[in-house]
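First comes one chain, alone, set out as structure tokens in the form predicted alone.
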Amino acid sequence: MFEFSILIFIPLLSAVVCYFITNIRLQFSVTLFVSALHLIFSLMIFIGWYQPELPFYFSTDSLSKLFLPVLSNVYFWVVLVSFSYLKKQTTANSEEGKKYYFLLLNFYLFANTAAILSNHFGMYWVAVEGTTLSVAPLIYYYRNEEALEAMWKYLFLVSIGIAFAFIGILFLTLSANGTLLEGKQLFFPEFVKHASELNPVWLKASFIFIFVGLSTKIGIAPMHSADVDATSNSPSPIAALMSGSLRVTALLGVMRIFQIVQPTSTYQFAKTILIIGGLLSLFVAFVFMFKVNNYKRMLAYSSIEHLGIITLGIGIGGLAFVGAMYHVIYNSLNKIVLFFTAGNIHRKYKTREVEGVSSVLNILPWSGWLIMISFLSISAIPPFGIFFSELMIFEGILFSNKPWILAVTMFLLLFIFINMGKTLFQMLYKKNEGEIILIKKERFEIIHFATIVLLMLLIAIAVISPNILHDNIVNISKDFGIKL
């Protein structure tokens, strides 16, 4: 029960504590302590220094061991910069959003951890719904009309998606009729073990509904609109949290059902659905990047792009699958950096519109240079990690039975890179007519420190390529029946 307390019970308890504490600094201290403890424990489990024995409907496998530190890492950095962010008011109404900020963050950690560690479809479904309820009020932090609309749109569309996922779980139950699993609990390992006995028609229907339903949270096109609105209207730490970890939690659910269909006749159908979803996401990001008006929305579409790449890699399989698992890690780190720096720009210029931002390198030199470097990183420029993960995905596509997909992918990514770069460099270098630039040294803050450390991690993990990370991803590949 010790590991259950650290990973799941303590975040829930700290959420209750934050409800009764009115002092924001004290709430921050409690939350930061819990986040550090959670991160340390998650890394110990990942490295293999500790083998948890979780009760009830929870357990760990190679997939949850990878996704758990991704969640913990994103959460830790978001909490670390949150107090500094809350101290500086961005809008007149944002003061009201501070009261339950850390309470909801702790509940978010509790719900996401429960979802990642669950080994039961029912428990996973309940926990994922909990993640929606925890993040929705945080979307409304600014207390303006846009944020209110984004929150309700997110709640409405994602709730419909969760309902679709629930129907998919019911179809999975029907697929077990006449097998040893009939009338039994919905445990992932049991369904993986007896997958070949499941009814292929109901299994196919289950995969479609679960994939479509969870796509509203992952941000896979065409189910991406609520997620984009929520991310672009949230405060930057929350946007980083959603892009870096919440999408990963939803992706895990799709990977669970994909693992079940792997030894069945439904496998090729499921792969095709994933490939179509990945290509559609890239296409949607490609179209949007031609006319960017809102730079935070641009970053939200960048998340759509990279989740599309990950989904595409999973669908292709082989080396592309391995690259997709690496990409999950690198993309989560990069999204924190991008949204943190975008938050500094938003705080200074009081607008998310591209036209309202100019001369960032002169006015905010720290933030300007860091967002430029993070753009190069997200664009797969070496030696940053995304270069290596995308290279693996592209190599996997090239040597698959669908090499033509690589040409389509490269074409879409080229124009995404060009147009995203054009927008960003306009913000960094453009000077308005008659504008007088008063060069004032930007103060170095905790958010800059976090950004620099994360950029260094993006290089270090890729260059060092720890054996424990490689071995874990190889184990995940084996669990999915992939021979390397």
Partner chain sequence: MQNVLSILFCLSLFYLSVTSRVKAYVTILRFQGLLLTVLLVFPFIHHFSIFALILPATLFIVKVIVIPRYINKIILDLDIKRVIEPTIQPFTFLLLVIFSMVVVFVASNILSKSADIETIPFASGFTAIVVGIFVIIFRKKLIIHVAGFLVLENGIFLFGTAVASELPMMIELGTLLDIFVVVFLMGIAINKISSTLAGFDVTVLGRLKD
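Numbering follows the first chain given and starts at 1. All values reported here derive from a predicted model rather than from experimental measurement.
We do not show the form predicted in complex with the partner chain, though everything after this point is about it.
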- Query: Since the chain is shown here on its own, which stretch among 397-405, 79-87, 154-162, 234-242 would lie within 4.5 Å of the partner chain in the predicted complex, judged by heavy atoms?
  - Reply: 154-162
- Item | One residue of 349, 140, 267, 100 in contact with the partner chain, assessed in the predicted complex (non-hydrogen atom, 4.5 angstroms) | 140
- Note on the structure: Interface check vs the partner chain in the predicted complex: of 316, 333, 338, 150, the one with a heavy atom inside 4.5 Å is 150
- Message: Can you tell me if residue 182 lies within 4.5 angstroms of the partner chain in the predicted complex, counting non-hydrogen atoms only?
- Response: yes
- Query: Taking 4.5 angstroms as the cut-off for heavy atoms, does residue 57 touch the partner chain in the predicted complex?
  - Reply: yes
- Message: Residue-level question: is residue 186 within 4.5 Å of the partner chain in the predicted complex, judged on heavy atoms?
- Response: yes
- Taking 4.5 angstroms as the cut-off for heavy atoms, does residue 200 touch the partner chain in the predicted complex? no
- Item | Output flag, 193, 420 and 472 jointly within 4.5 Å of the partner chain in the predicted complex, heavy atom basis | no
- Item | the partner chain in the predicted complex - contacting residues of 322-357, heavy atom within 4.5 Å | none
